[in-house]
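This text opens with one protein chain seen in two forms, each one given by itself as structure tokens under the names structure 1 and structure 2.
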Structure 1
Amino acid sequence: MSEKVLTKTTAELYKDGWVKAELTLTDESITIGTEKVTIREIEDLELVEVDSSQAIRIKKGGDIVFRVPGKLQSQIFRFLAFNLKSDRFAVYFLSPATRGGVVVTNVKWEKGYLSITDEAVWFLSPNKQLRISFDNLGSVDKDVRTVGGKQRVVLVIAHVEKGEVLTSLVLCPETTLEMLEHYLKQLIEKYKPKSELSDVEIQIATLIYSGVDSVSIESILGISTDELDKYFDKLVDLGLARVVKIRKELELTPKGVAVVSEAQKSQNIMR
């Protein structure tokens, strides 16, 4: 049976610069210029910014980056997100349920899928295609919440977006819930930093997250500049922070924010 053509359009393919190409999307494959990819073999997908414009990154072995004009780009992205290679589970989800610890009031439960690719966890519905990279996953736990006037067991997934800690809720049959909890905890364990942080390092990361500068951190903790620099070096080496000023001021990466969030949660449990 021949492939059904869904869309043909002009596009631009990124190869050390933008190159004009024709894009053909069928029910089985996508072709951009000379690059043809079977959709079911796409390992992951992402919206990225290249040269100050939004583009789509397809992962299949290497990366293919392209852009198309107007609303067509979001339509192609949605089709690929729903049909790429993944483990997919039918769920109801609420995302985000909280942002920075504050309940988000303008979101509703959606019927869709939780999809797990080579690099990310996705929440998929006709209205939403939310991608959470494994590095941005913080924690996953079961909790009881009121859903439709009833007390229901849900999964609470903590993740990071643009330096903020968010939570999303997942509702599905209990056997699927148990399996998803185990699956996601394995992913979090696999992608978390390999080296444990000391209490002092957790304090430093928490102070950075709170917006405290390096001079104030030295004063608060009673440590020297050289000592703080060594701690900073470890946070950077672990991928938990990045240098933002010559005086080695840091800001936490999403992974670092997730570590601080998990540490604070553990401390609250022990109190």
Structure 2
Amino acid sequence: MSEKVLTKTTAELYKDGWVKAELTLTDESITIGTEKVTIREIEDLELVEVDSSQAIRIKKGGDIVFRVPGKLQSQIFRFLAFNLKSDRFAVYFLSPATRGGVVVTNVKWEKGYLSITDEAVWFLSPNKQLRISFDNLGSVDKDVRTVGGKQRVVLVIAHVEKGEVLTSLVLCPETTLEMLEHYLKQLIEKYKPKSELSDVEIQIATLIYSGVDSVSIESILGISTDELDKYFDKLVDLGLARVVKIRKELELTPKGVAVVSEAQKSQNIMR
């Protein structure tokens, strides 16, 4: 049986810079210039940003990065997403169901697949190919939700996208659900940040979330600025927080002291 050619186009392959290359997509393989990959052997797929333009990254052993002009790129991406090497489960999904804890209203349940590739979990439907890399998986839990007017057990998957916590819901037969929960939990366990946070670190993270300023955090937890700085550094290193403002601590120069002393004399400044 010969391969059926689906599309042929010019594309660009990234090899320390963009190189023009012929792209041939068949029902079994994708060829970009000299690189030929069997689609079923693709281990992972991702849209990446290279030199501020969007490109497709294919993982099969190493990485192949290429881009295709125009709409064709998303079509090729979709085809690959549906056909690469993965564990696929037919499910209904609602993604995202909540964004930052707030219910998203304009999304609908979609019929499609929950697909698990080498590095990511995917929600696949004709309209949506949402990739959640394992690093961005937060938690998986069963919960009862009202779906179509009925109480149904669904899987609630929490994941992070651009610093926001999203949740997505998955609905499928209960036995599959059970299995998926187990599977995903194992994955999360495996990809958990290696260094666990200590109680103090979690408390600090909570305080930051609550909008408590650094000085108050120090006093609430009874720690010094230096200690807090170390904890902050760790949270930043783990990608759990980012620096938005660096506070300056000052000491007055003699000139400054003079200004202050002078100000005391004119009564209307400090009262």
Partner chain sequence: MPKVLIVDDTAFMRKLLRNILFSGGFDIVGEAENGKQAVELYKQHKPDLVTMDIVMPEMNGIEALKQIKSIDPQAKVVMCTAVGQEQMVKAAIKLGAKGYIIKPFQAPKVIEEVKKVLGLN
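All figures in this text were calculated on a predicted structure; none of them were measured in a lab. Quick note, the numbers are simply positions in structure 1, starting from 1. Throughout, rigid core stands for the largest set of C-alpha atoms superposing within 1.5 Å between the two forms.
The chain appears twice here, and it is structure 1 that represents the form predicted on its own.
The two forms, fitted on the rigid core, differ between the two structures by 2 Å or more at the CA of S216. Core-superposed comparison between the two structures: the CA of R40 stays below a 2 Å shift. The rigid-core alignment places the CA of A11 less than 2 Å apart between the two structures. Once the core of the two forms is superposed, the Cα of Y231 has moved 2.3 Å between the two structures.
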